[in-house]
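Presented below, as structure tokens, is a lone chain in the form predicted on its own.
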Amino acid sequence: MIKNISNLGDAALYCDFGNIVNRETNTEVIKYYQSIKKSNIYGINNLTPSYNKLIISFDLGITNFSKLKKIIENLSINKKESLSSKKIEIPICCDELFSLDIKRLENKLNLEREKIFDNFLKNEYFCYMTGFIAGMPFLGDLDKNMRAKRLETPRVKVPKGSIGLTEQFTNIYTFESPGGWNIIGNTPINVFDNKNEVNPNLISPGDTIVFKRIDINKYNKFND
């Protein structure tokens, strides 16, 4: 549940769910996010969920902090109700061309590369949030023996579609971008479609992701 609601600038509410980063806390964030979105509350113009926070932006010409705070505090959230979510399969190619940091991970995790790939692929991942760059999903949780810190020196350019690991999370780079995650593969599919004005995100908070390994030939066929 929300522990505190405070002002964030002139036209936003900062809903704090605590400092713990885990699926249980994030599920609470997403339930509020989905409930507020469905309620279509007059004056709200943007919702931004994160690991354990929710920012609610509003139009000052329509409503104000006090009115919205009261509405949010009185929202009825069913703890037993399941999240509105999808299960999505994402193809990943782990060819040497794409697994840019596999040697580093072998050393850091003290695991052979095929064991790293097997451990990664056998897991299901929960989308905590999207952000940093448009549509980038932050997916948890990696097994404890798969957790590595960021690169000491981030890359200036990480290729679009790269799939990386850092600490308890994995992510997918939706655009070419600077970044410091450990890259283990690449997906040929478009995770964010900026031509889709209604719903550009393939993956949304609350969705469950599984990765399916493909070889370089299948990867290339996606782009034919």
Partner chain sequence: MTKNYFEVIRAGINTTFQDAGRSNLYHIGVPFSGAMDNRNYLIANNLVNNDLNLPVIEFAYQGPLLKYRGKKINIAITGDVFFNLKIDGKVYEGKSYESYEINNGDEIDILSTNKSVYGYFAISGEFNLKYQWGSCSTNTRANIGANNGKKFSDGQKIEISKISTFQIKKRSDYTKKVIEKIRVIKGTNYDYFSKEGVHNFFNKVFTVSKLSDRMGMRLEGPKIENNVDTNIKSEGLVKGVIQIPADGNPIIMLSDHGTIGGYPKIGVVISADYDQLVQLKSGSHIKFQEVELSDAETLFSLYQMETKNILSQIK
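Everything numeric in this text was worked out from a predicted model, so none of it was measured. Positions refer to the first chain, counted from 1.
If you look for the form predicted together with the partner chain, you will not find it shown, but the lines that follow are about it.
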**OP:** Identify whether the partner chain in the predicted bound form is within 4.5 Å of every residue in the set 44, 48 and 197, based on non-hydrogen atoms.
**Re:** yes
Original post:
Which pick from 83, 133, 142, 151 sits with a heavy atom within 4.5 Å of the partner chain in the predicted bound form?
Top reply: 133
Original post:
Contact between residue 38 and the partner chain in the predicted bound form at 4.5 Å, heavy atoms?
Top reply: no
**OP:** Please run the contact check for residue 33 against the partner chain in the predicted bound form: heavy atoms, 4.5 angstroms, yes or no?
**Re:** yes
Original post:
Is there a non-hydrogen atom of residue 64 within 4.5 angstroms of a non-hydrogen atom of the partner chain in the predicted bound form?
Top reply: yes
Original post:
Wondering, does residue 189 line up within 4.5 Å of the partner chain in the predicted bound form on heavy atoms?
Top reply: no
Subject >> Stretch 11-43 - residues with a heavy atom within 4.5 Å of the partner chain in the predicted bound form >> reply: 11, 12, 14, 21, 33, 37
